[in-house]
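Next comes just one chain, in structure tokens: the form predicted on its own.
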């Protein structure tokens, strides 16, 4: 399957599958609640891969957990709307959201060794999905389907792997088991939280290829969380760049790489090795992501921005359209109406 097949499969329908409006996520500290994410607006279209990128601590993973309904008390999740396939999860009961998980949306976590239960075999953990979400499915049928799902992930000897415990499998095999668990009920939305971070380069390529095939076969939409811009360039249709709990830029993948509008996005791109340019040098972004307890005034990126001026330190920028379906949260870039 070539890249064209992959992108055509994701371009069949521009309908919004996941639509999140004004999402805020708060966590309790000894000094009261602080916001890890605020004012977040984004959507994932059907058969689309949306990449969410940014440094650690920017709010990517907690956003994915909020969509899955996995932020536990005393954490707080508020949104004007968080709609999946026509169902507004902000108005759904915990039981209704639990039924959506696994059946309509599922998640691949970053570390499969800690995500899989060490006390149960891989096959048992896959079978539980069928027994929970497929009405009338007995244990024999669940086992048959589980072995077939293991086979689809490209693992050899699926019958033996079905009876294996997580510690008996390699890192790549454990990640494939996680994908099998996530995909076995054909969810419409798959959330992948840095699914290749703990794997070597060869296994990473195999896992990404497997995800490409599953997207085409099941027409699944993917929210792909990563800090690897190489993966973004290869896999994504659109990209959301997060910084300090806010979206600072959003664009299709080609626009983001060729015409980045926000200084933070430019910094991320400049801090990536360019293999084709032997003379290129890494240009790291100075400083670190600010603490949520002490966010800077004005633009949250201004302490690390080489272009910041006094207005950036005083005034909080809004996310505005700077090009066709291209948005940036920067005072220094003109709005779309001023773009020639």
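If you're wondering where the values come from, they're calculated on a predicted model, not measured in any experiment. Residue numbers count along the first chain shown, from 1.
Although not depicted, the form predicted in complex with a small molecule is the subject of the following passage.
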4.5 angstroms heavy atom contact with the small molecule in the predicted complex for residue 56: yes
Exercise: residue 292 in contact with the small molecule in the predicted complex, heavy atom 4.5 Å: yes
4.5 angstroms heavy atom contact with the small molecule in the predicted complex for residue 61: yes
Residue 27: touches the small molecule in the predicted complex, heavy atom cutoff 4.5 angstroms: yes
Listed residue that, although the small molecule is not shown, lies within 4.5 Å of it in the predicted complex (heavy atoms), from 305, 40, 49, 36: 36
Interface stretch in the predicted complex with the small molecule - options 40-48, 294-302, 307-315, 61-69, non-hydrogen atom within 4.5 Å: 61-69
